[in-house]
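Before any questions on how it binds or moves, here is one chain, the form predicted on its own, in structure tokens.
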């Protein structure tokens, strides 16, 4: 980070030169800006993936804005975004604060809690697909009653099962964020609160939550924007089914482009996803006062 300070009549710049950022900017331009530009161009064409794209103007965008299946996929994406945030945030926050303690047994529990973070999305999806199989899955025997259901084949259940699996996968990552944030809170605050007679619940509400507000913003941004990239787990588990019960927008983009061979329309969906992610990220940053954030470490501002 470049720091600029003014002394007297002259201004002196401190910190690394802006030239050092050129490689990173070049990397970002080649691998982010350029593909986005190509996707934007393809969104105005009709292309099957072979041959040359044919310019069709706004036809793909008109189709996108009037197609009820796209609206359904967008609504599913928003629902999944909200549901996974509601599940992941409180669990990650409480686990992170709990694991920030200094007791030795908490380190052992932390290893157990973080196991899902070590597994790939493909392995998680394959494991759950077999565990939830109604014929030979973990609930298929032993007289488990209502637990023995077609979890991934029932349209009324599948969406919530997928949301649970995604939350299970990413809770450890956000727990790690909250654990790191909780360990940065000065212990003197808790000691002073204890002297004043504040219990653990009051300390959590009056000290922990305010001190973790920046971590909450960061974690929430990752959860909400990250919901626009969910693909692999859902594709392996359900491929968007049954019917279109789990066909969220990223999966709709893939199926439109690589299954229906409509690369132009899929590119338009990709542009929409990028715009949604940027708008969502900027909105969260503005609403949470991200631009006014300051260091919470002693002696820094």
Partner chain sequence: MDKNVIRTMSAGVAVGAMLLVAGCSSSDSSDEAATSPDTTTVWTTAGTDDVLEASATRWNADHPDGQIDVQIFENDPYKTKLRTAISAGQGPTVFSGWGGGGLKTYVDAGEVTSLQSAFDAAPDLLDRIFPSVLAGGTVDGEIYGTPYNGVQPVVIYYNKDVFEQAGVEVPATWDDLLTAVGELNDAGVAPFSVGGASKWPYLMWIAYLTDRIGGPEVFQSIVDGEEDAWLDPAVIEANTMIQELVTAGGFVDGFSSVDANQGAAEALVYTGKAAMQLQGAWAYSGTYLTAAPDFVESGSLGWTTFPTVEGGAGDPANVTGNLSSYFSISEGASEAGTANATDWLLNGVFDDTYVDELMATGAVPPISGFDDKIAASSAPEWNAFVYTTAQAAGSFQLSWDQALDANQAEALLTNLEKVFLFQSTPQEFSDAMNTVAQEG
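Here the structure is a predicted model, which is why all the values come from computation and not from measurement. Positions refer to the first chain, counted from 1.
Below, we turn to the form predicted together with the partner chain, even though it does not appear here.
Site residues 42, 48 and 244 are all in contact with the partner chain in the predicted complex, judged by any heavy atom within 4.5 Å.
Only one segment in the set 209-217, 89-97, 128-136, 171-179 has any non-hydrogen atom within 4.5 angstroms of the partner chain in the predicted complex, and it is 128-136. Under a 4.5 angstroms non-hydrogen atom cutoff, the partner chain in the predicted complex lacks residue 226 among its neighbouring residues. The partner chain is not shown here, and in the predicted complex it never comes within 4.5 Å of any heavy atom of residue 81. Though the partner is left out of this view, residue 26 does not reach within 4.5 Å of the partner chain in the predicted complex, counting heavy atoms only. Interface residue remark: residue 61 is not counted as part of the site for the partner chain in the predicted complex, having no heavy atom within 4.5 Å. Contact annotation: of the candidates 124, 110, 74, 152, the single residue with a non-hydrogen atom within 4.5 angstroms of the partner chain in the predicted complex is 152. With the partner omitted here, the residue from 65, 56, 260, 274 that has a non-hydrogen atom within 4.5 angstroms of the partner chain in the predicted complex is 260.
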